[in-house]
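Two forms of the same protein chain are encoded below as structure tokens; each is given separately, as structure 1 and structure 2.
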Structure 1
């Protein structure tokens, strides 16, 4: 068969597939089905091509990743999640604390890391406020304070109009000094944070009536992934202050936190998957959050498809390698 015949055959197959999709699926699923067909059809074509030991160009890989990430954003694909033990441990800890307990949430990340960890920060904040815990928000990163303000005004507080600043929650903001900040707040909050972000003295804020240092809070959740971040919270506050610490980290940082689990870190939320599992657990336990925006769950679509594309390229790369090696031997 010549090249023209192949093109004609391809066009006929494409028309049949398009007709089948239009006939079999409802209109609202067409985008999803076509994009999946495009990705998987392309991968099958590359797989067949790899049998001839032909390397794939970098721009082709980039194109596949672009479609794999963009398609589930444009045409959402959602999955159900089963919280793993490391995520469930954090959920249970917050769930089992008596109402009115004090939880410290530290936003130790920047905009680069935010898409991965901000969804979990928002979900945990909502969980704490819904349970009636008092929440102290802070940040060890200069960029974290801006993200914290954004989270509070655009997401977290929207669902809790009755919560009062200084009584139910407080934002003490950012302080430079990295682990030095932790070294001080483990014995004295006021020395390092004389006021909150609105310049209200800490001694005038009701939450701090019974809280003199980080040792006095019931649970610390550090969300981040860089330095200073979750690891420093464990080393400088959790251990010396004997306070339970949970961490939410970017996926690439999660392996570094496992040495501390479960003795020094009670649970780990790793990347978008960790956020999605937490959001799922939260929606499952609280019907009030049924309509809550769940960016973690939404992002699992692009992540899943991107992972499948990467795995397929690993397989294709190995086929090309072994075919090439055999040809070279012959």
Structure 2
């Protein structure tokens, strides 16, 4: 059979598969099925080519990684993300706080880190507001204030039109000084933040009626991964102020935070995986968030398939190696 015949046969098979998918599966599952067919069909083709001693060029390997990442983006695919213990601990802490508790949420990151950690900040903010907690938003990074304002206006407050600035939440913004800021607010908020971002004096904001310092809040959640960030919140506020602290960090920073868990940090959200697990827990517990935007869950599709492909390459390589060694012995 010539090359043209193989191409024609492949095209016919592809059309049959596409028709079968459209016929057998509901529309909302088409993306998942197409993504899996592309990835696993390609892996089978590479395995067969290797078993028949056909060389697989590096360009094809790189191209296949591109397909594995692009397919679940073009045809969205999501997986169930059961929260791990370190993520569930943060969720349970916020869930079990009495309504009306005060939560301090610090956006300590920049745009480069935002794709990993901003989804978890948005999900945690929604959770706090849905539970009826009062939220104090702030940042130790200059870039964090802009990202905080973006999250509030574009994502968080859209679902809570009844929440009142200064009563249910407040944005006190950014203050330069790194650890120096923390050393001050652990004993007095007003010395470092005399007003919020709207120039309203803290003494006139109802949230601060019973809150004089960071020691008075019920829970602190630091989202970031750099310096100053989660570690500094633990060392300069959590420990000396005896306040429970949770952290959300970029994936590469998460291992640095595990020595603090669970004695000094009650829970850790690490990277896109941590954000996805929290989003899943929130949607599972609150039907009102069924249609909530979940960028963490969306990003886990391409990441998961890419990891599956890389692991499959390792397995295929070992199969070829041991098969070749057996043939040489024979």
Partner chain sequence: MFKRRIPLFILAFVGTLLIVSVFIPPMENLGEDFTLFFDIIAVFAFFLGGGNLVRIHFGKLRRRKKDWGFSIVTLVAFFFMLTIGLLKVSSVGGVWNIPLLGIGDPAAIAASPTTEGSWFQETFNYVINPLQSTMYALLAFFVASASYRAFRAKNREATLLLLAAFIILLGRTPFGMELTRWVPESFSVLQIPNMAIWIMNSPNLAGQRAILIGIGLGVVSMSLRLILGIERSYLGEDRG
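Residue numbers count along the first chain shown, from 1. For clarity, a rigid core is taken as the largest C-alpha set superposing within 1.5 Å between two forms. Bear in mind that the values here come from a model prediction, so they are computed numbers and not experimental data.
Novice: Look at both copies of the chain and name the one that is the form predicted on its own.
Specialist: Structure 2, not 1.
Novice: Mind giving me the turn angle of the little rigid part against the big one between structure 1 and structure 2, whole degrees please?
Specialist: Smaller part versus larger part, rotated 22 degrees.
Novice: Fitting the two forms on their rigid core, what distance in Å separates the Cα positions of residue 311 between structure 1 and structure 2?
Specialist: Core-aligned C-alpha shift comes out at 4.5 Å.
Novice: Just grab the Cα shift of residue 324 between structure 1 and structure 2 for me, core aligned, in angstrom.
Specialist: Its alpha carbon moves by 13.8 Å.
Novice: After superposing on the rigid core, how much does the Cα of residue 67 shift between structure 1 and structure 2, in Å?
Specialist: In the core superposition between structure 1 and structure 2, the C-alpha of residue 67 moves 3.8 Å.
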